[in-house]
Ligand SMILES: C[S@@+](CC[C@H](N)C(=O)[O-])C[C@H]1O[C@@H](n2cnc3c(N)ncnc32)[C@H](O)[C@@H]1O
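Presented as structure tokens, the chain that follows is alone, the form predicted alone.
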């Protein structure tokens, strides 16, 4: 849906000032549309929801996001605004099918470019450990688009693992993607030491804390870590440099016999005023 058409349509029901208060973009996951609606427009929620349904023929449900991503399970609070009363949907991306309940497991369509970028970096026969797999969005895309040997996919949320198992079957990657329920620290220390060529850490809230386990799961302290973090950066600050400095200091303090270099950094997306999600592609090798 084009934002201009949506806002133009709403001008028949809302004032110019009210329309201007709808600042966030529409997020569409399968046939579910998600929108942040400010409290001052609470009485107009139904009108806004019906407009989205009218202008997006493939959308069946409109949800208002009532709380941000929170907790160990990374879930958001929603309120039905218009359409069918449901939170489960099927999303398609890069030739992959992903079933998800947006209220019970984390998922963001805004990371689709990043998922494909990582998949293109994976080499034939690699073993990948995804420390925070969710419903399998990164893992499934890697399995379908690359030729890894295994993608061990860990998540602490049992509902996310349930959907991960369904998505593995839907995409016919049972021999590649291995779902594991549990905390990544415990899983790696008990089952996945010294196994990975590449590690994914797509949970900015936990990645810094879990860096030691990312190193431990690499084969002989050698391989790639894709590290994600959130950072605040003023106009005169570089968010990529801020995250890089923070991670470099952390890696030096851990005491592992390694050398490292940040081969690439990029801003994945803006997540708020002066707040950014940043990814670092870090090459780790043993110190001789």
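This one's a predicted model, so the numbers in the text were calculated from it and none came from an experiment. Residue numbers count along the first chain shown, from 1.
As for the form predicted in complex with this ligand, it is not shown, yet the points below apply to it.
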inquiry  = Can you tell me which of 204-212, 191-199, 80-88, 170-178 lies within 4.5 Å of this ligand in the model of the complex, counting heavy atoms only?
reply    = 204-212
key: Selected contact from 101, 183, 166, 93, since only one has a non-hydrogen atom within 4.5 angstroms of this ligand in the model of the complex   = 183
key: Proximity of residue 148 to this ligand in the model of the complex, heavy atoms at 4.5 Å   = no
ask   = residue 157 near this ligand in the model of the complex, any heavy atom under 4.5 Å?
value = yes
query = Is residue 137 a contact residue for this ligand in the model of the complex, using a 4.5 Å heavy atom cut-off?
reply = yes
message = So in the model of the complex, is this ligand close enough to residue 152 to count as touching (4.5 Å, heavy atoms)?
response = no
query = Going through 39-72 from first to last, which residues have a non-hydrogen atom within 4.5 Å of this ligand in the model of the complex?
reply = 72
